[in-house]
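For reference, the chain that follows is the form predicted alone, supplied as structure tokens.
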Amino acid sequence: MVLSHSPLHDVHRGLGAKLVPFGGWEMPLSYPTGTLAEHLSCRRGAAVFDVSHLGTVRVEGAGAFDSLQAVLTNDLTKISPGRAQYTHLLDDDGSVLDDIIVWWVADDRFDVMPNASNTERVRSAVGGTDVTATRAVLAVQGPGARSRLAAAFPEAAAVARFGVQELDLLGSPCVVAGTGYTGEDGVELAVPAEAAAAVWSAVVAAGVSPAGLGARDTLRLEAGLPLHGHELGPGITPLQAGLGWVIGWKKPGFRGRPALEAERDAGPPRRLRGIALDGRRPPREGQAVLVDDEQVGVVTSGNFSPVLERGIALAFLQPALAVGTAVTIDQRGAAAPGAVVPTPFVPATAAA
């Protein structure tokens, strides 16, 4: 399989990044500083992630709003041009084919941002043009993200949470959105491919540390955010994942709605919950969750929390299990004690 490369590929190689396959792309997992340091740089200061592997499907023209409104779960009438919205594309059985951020850039232009491996699936569903190869996306995240970014690009640093704005950065037309996937504040910069290296350099020169996908994953886990292929995917509905708020129940039908309505009325057979272990050993996907030696669920994502300094997990559990319930996770035959806890595991840090 031939892997796609980010416009920043040579920059990452020059920084000594460990490059790995991810969703059909070769992307930086970590830099010589290591995932732990990169994670904490985002929690305590500011980090920049190359997320160019995410897709961009541009839907524009007079029918753009109607086509997206008819296919995606969330209700675009809740927002307006210059705003972003989290939404889902469902299968007929109500399960999540992809979770998506829609950037409503202008009256008749939407940039739809699917997960890397789902770009063509989403483009086929919503129409539009795949423009992924024409741009890079830099996610600048952390409590110090805006204050440090302001030294290089003050207008970008001022874009509001879930705001979307077209800006000129270093002489290039860019789109900046107040979104991210770390649980911290920050913005994402969609910049032309040919300007990506210069924008990256300016961001790093402003005191923002490079961070790889390893830290991005541990950060999103501490924030209790779902990952497609783990907490979302075949057989998993938004209601099971605790994301019922992305369903626009008041708007006309969308794919998967009848199945979702039936599950809403009957109650989801399982719910996504957080588990914090007593010890440091990280739980892993697929491990059984037990109560009194009886399996009550399964881990979907698990790792060591650098902030809490203990193992944490997201898991689908029986819906009756409440926060505070004592559980154990079967870690290859060793029972690791813990408890069901609310998410996020780690709340966002106050702006620095």
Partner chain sequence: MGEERPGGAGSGSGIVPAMKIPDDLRYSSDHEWVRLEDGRVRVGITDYAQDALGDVVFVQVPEVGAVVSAGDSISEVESTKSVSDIYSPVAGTVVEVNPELDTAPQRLNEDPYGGGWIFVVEPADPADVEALLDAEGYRALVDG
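Remember, it's a predicted structure, so these values are computed and weren't measured experimentally. Numbering follows the first chain given and starts at 1.
Omitted here: the form predicted in complex with the partner chain. The next part is about that form.
Check: Pick from Val323, Val291, Leu308, Leu36: which has a non-hydrogen atom within 4.5 Å of the partner chain in the predicted bound form?
Finding: If I apply the 4.5 Å criterion carefully, the residue I get is Leu36.
Check: Pick from 280-288, 40-48, 313-321, 58-66: which stretch has a heavy atom within 4.5 Å of the partner chain in the predicted bound form?
Finding: Only one stretch passes the 4.5 Å heavy-atom test: 280-288.
Next item on the list: Indicate whether the partner chain has at least one heavy atom within 4.5 Å of a heavy atom of Val20 in the predicted bound form.
Entry: Close contact exists here: in the predicted bound form, Val20 approaches the partner chain to within 4.5 Å, heavy atoms only.
Check: Using heavy atoms and a 4.5 Å limit, would one call Leu29 a contact residue for the partner chain in the predicted bound form?
Finding: Heavy-atom contact with the partner chain at 4.5 Å: present for Leu29.
Notebook entry, point to check: Looking in the predicted bound form, any heavy atom of Gly24 within 4.5 Å of the partner chain?
Noted result: Close contact is absent here: in the predicted bound form, Gly24 is far from the partner chain, nothing within 4.5 Å, heavy atoms only.
Note to self: Gly16 versus the partner chain, in the predicted bound form: is there a non-hydrogen atom within 4.5 Å?
What the structure shows: Contact check for Gly16: yes, within 4.5 Å of the partner chain in the predicted bound form.
Checklist line | Partner contacts for 74-95, taking the partner chain in the predicted bound form and a 4.5 Å heavy atom cut-off | finding: Heavy-atom contacts to the partner chain in the predicted bound form: nothing from 74-95.
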